[in-house]
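Here's a solo chain for you in structure tokens, the form predicted alone.
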């Protein structure tokens, strides 16, 4: 548990740092930082259940995409403001480093092993974001209709 808390704290600090570097508006910093931590928590929990890198990154990126959309609606900001920062903790920095180290040092086995790790993580992140965007695209019209219906207080919302 202590290890997770240390990792969670590091993720929060790292996400906050990237948010500042990317020029995130101050009013979005707390939410974006917390979303990065929650995304890592999803990754951590799925990774405990199944150590499949693709699946754990897919689940975390899917969560990040859905949560980023919700935050974007709440803050009336672009979803990318939150989703780009939320997946920062998932980026396979170590695997990319050792993959390139394998290239430079001529260690083809290290290069191959780390390339597989980086590819699985990258594909998991990409698939999770794409899948969450697809789900949002499918339900968004229904959410809009429900909001219009609620705002008008009648069945007229269904005609729009």
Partner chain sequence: MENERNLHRFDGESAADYLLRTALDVAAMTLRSGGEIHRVEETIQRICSAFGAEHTEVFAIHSQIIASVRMQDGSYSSQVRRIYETDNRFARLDRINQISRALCLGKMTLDQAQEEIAKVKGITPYPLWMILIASACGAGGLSFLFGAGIRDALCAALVALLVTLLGRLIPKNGNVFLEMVLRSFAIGVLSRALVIVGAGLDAGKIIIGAIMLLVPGISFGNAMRDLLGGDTLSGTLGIVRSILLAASIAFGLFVATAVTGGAVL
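Numbering follows the first chain given and starts at 1. Predicted model, so just to flag it, every value in this text is computed and none were measured.
What follows is about the form predicted in complex with the partner chain, which we do not show.
Proximity of residue 50 to the partner chain in the predicted complex falls outside the 4.5 Å heavy atom cutoff. At the 4.5 Å threshold, heavy atoms of residue 98 reach the partner chain in the predicted complex.
Contact annotation: residue 62 falls outside 4.5 Å of the partner chain in the predicted complex, judged by heavy atom distances.
In the predicted complex, no heavy atom of residue 138 sits within 4.5 Å of the partner chain. Contacts between 57 to 85 and the partner chain, taken as any heavy atom within 4.5 Å in the predicted complex, involve 76, 77, 78, 79, 80, 81, 84, 85.
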